[in-house]
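In the form predicted alone, a lone chain appears below as structure tokens.
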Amino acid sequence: MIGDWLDIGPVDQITPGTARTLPVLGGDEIAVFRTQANEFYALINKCPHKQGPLSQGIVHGNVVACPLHNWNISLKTGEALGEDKGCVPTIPLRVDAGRIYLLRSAVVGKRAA
């Protein structure tokens, strides 16, 4: 149902290989990534290591490298890769008719009480 999803805009607002951020009132900022293969992912915009802004990292394949200490984070799972340990919450995302949608309960549910 479309009411379960928040329309956050057209896919063209994100250049392949980059990310855009979405502020969340009372919650953590969300980073929405577009890979070079035109796949889309959404994560909380904080590296599990030192809370670096993942949206400013380099996207390679389905991975983003944190700009602070180069931790590699899977865009699919939010898990740190290699020797690093930690996880970033992912936000369910879908693309329909050239628009990006985030699962409403995952975004609104993040608000502080």
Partner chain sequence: MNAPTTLMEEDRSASVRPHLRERLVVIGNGMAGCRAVEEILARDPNRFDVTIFGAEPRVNYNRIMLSPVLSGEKAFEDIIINGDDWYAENAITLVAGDPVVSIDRATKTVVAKSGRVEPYDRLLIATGSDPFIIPVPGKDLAGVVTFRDLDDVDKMLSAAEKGGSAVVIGGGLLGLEAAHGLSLRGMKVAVVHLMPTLMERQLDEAAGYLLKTELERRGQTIVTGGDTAEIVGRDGHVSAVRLKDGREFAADIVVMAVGIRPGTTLARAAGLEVERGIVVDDHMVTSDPAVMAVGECVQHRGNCYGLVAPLWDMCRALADQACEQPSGYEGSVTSTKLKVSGIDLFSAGDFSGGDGAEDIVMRDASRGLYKRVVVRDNKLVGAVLYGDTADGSWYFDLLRKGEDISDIREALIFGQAFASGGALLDPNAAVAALSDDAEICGCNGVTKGKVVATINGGACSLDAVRSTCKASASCGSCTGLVESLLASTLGGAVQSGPKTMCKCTSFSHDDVRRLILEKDLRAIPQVLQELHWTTPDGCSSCRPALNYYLLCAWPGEYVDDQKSRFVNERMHANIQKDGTYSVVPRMWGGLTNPRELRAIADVVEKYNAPMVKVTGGQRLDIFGIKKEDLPAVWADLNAAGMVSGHAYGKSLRTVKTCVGSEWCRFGTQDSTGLGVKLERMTWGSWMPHKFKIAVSGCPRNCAEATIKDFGVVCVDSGYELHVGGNGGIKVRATDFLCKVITEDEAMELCAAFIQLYREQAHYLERTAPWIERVGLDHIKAGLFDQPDTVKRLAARFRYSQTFCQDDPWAQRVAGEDADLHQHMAQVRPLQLEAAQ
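The structure displayed is predicted, hence computed values, not measured ones. Positions refer to the first chain, counted from 1.
A second form of this protein, the form predicted in complex with the partner chain, is not displayed here; the remarks below concern that form.
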Non-hydrogen atom contact residue 82 with the partner chain in the predicted complex at 4.5 angstroms: no
Close approach of residue 59 to the partner chain in the predicted complex, 4.5 Å, heavy atom: yes
Heavy atom of residue 103 within 4.5 Å of the partner chain in the predicted complex: no
Residue 20, heavy atom within 4.5 angstroms of the partner chain in the predicted complex: yes
Heavy atom contacts to the partner chain in the predicted complex at 4.5 Å, residues of 14-35 in sequence order: 14, 16, 17, 18, 20, 21, 22, 23, 24, 25, 26, 29, 32, 34
